[in-house]
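Heads up, the chain below is alone and in the form predicted on its own; it's given as structure tokens.
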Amino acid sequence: MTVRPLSGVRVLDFGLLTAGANTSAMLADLGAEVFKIESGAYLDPFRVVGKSDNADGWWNRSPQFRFTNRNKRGLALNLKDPRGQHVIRALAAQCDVVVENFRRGVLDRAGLGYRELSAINPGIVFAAISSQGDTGPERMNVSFGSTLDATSGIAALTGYEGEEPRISGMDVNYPDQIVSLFAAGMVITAIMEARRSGKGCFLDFSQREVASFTLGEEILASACDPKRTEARRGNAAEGVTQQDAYRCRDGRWIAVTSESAQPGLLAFCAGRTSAEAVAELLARGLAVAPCNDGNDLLRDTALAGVTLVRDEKGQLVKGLPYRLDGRGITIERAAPDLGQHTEEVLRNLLGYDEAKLEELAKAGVTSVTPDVGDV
């Protein structure tokens, strides 16, 4: 097997939903050993959001959870129980990275914040991927992709003239996706420095700031002209004469951008299949492409391992947005059931014996069944 870049790196993963969980998933894809921490007392919300039935074990069948938790080991440890906190501190001593996107103060109150864990392990990289950052008047705000669309300024620019702002919605959740990309790169850089210096660090990662960062040109334009009002303009773009999506004879859509007017383009596309229209317009020198859906991307062999791939159970998971040595993602293990690897990890990494494991189980610390009140 090819040794991957992060082989030998251990990650204590409290990441939830996309922003946190997909950050640690990409570290796992690159070879890190990632321990996904949940418990029956608190599930990753994606297990509930993706709930498809009420039969026993429903919490292990969520597609949304599967997408962003491949290649991880699942540990069930109750953060609210002092015995669970003790186990997590012992794990932190053996790990290189912590990833979390709880509301500010959750881990601190459990005695599991950066101050406590860095005292145990000075080389640990602690990535706090919060909504508004670790300081400031809005640090305690809860956010989702929709609120990040709004507060970052993205929604103000998205939509058509005269209409309301548009948010990317749960199916896209655009801010969370880009946040996880930035965060994974930031964590990797911090790991490299920690390996060099022997000193870890606290990464204060504001999701809102990252989303706003992608609007740099628009923010700069407004700063240079305070009276400027940026209106939503749909597919129109400054300096581009014609830009839109057109429906073709086969019912599929293509996107066209042209610096000069293209009269009759609507009728042209309506009279041809999407493949014919794309070929003819490309031959004219226009920027044109089909509007692909998920099935198109799955069929595209050039994107194998990049967009969506199938795990060992044949189920779809999110891919890796880049290649290493010409290869996309490698799925070594499907997303874990709740607490699937708890005993294995505690036994092998911490040396717990059967009596200790049984004690934790009887106390409910390692429960793998959701508490009724939490679902």
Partner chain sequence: MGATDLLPLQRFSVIEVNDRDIPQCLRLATSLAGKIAADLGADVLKIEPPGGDPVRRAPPFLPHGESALFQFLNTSKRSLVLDLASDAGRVTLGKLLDAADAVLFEEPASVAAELRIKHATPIEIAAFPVEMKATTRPASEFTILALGGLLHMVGEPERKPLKLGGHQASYAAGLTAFTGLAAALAAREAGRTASAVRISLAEVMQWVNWKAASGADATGVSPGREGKRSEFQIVPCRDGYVAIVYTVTQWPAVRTLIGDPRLDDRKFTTRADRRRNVTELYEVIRPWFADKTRLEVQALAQARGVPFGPIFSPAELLETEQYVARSFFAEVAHPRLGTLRLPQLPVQWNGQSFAPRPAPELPT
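Residue numbers count along the first chain shown, from 1. Because the structure is predicted, anything quoted here is derived from the model rather than measured. Think of the rigid core as the biggest set of C-alphas that the two forms share within 1.5 Å after superposition.
Keep in mind the form predicted in complex with its partner chain is missing from the figure; the text below concerns it.
- Checked against its partner chain in the predicted complex, the residues A275, I120, V106, C201 give one hit for a heavy atom within 4.5 Å, which is C201.
- Only one of R89, R73, R247, R83 comes within 4.5 Å of its partner chain in the predicted complex through a heavy atom, and that residue is R247.
- Contact with its partner chain in the predicted complex, defined as any heavy atom within 4.5 Å, is confined among 33-41, 344-352, 331-339, 57-65 to 57-65.
- When its partner chain is considered in the predicted complex, A270 lies well away from it, no heavy atom lying within 4.5 Å.
- Residue contact with its partner chain in the predicted complex: K318 places a heavy atom within 4.5 Å of it.
- Contact annotation: S7 falls within 4.5 Å of its partner chain in the predicted complex, judged by heavy atom distances.
- Residue contact with its partner chain in the predicted complex: F102 places no heavy atom within 4.5 Å of it.
- Contacts of stretch 289-325 with its partner chain in the predicted complex, defined by any heavy atom lying within 4.5 Å, are made by A289, P290, C291, N292, D293, G294, N295, L297, L298, A302, L303, A304, G305, V306, T307, L308, L316, K318, G319, L320, P321, Y322, R323, L324, D325, listed in sequence order.
- A movement of the C-alpha atom of W253 reaching 2 angstroms or beyond is seen between the shown form and the other one when the two forms are aligned on their rigid core.
- For R299, the Cα coordinates differ by 2 angstroms or more between the shown form and the other one after the core has been superposed.
- A displacement of less than 2 angstroms separates the C-alpha positions of M140 between the shown form and the other one, with the rigid core held in common.
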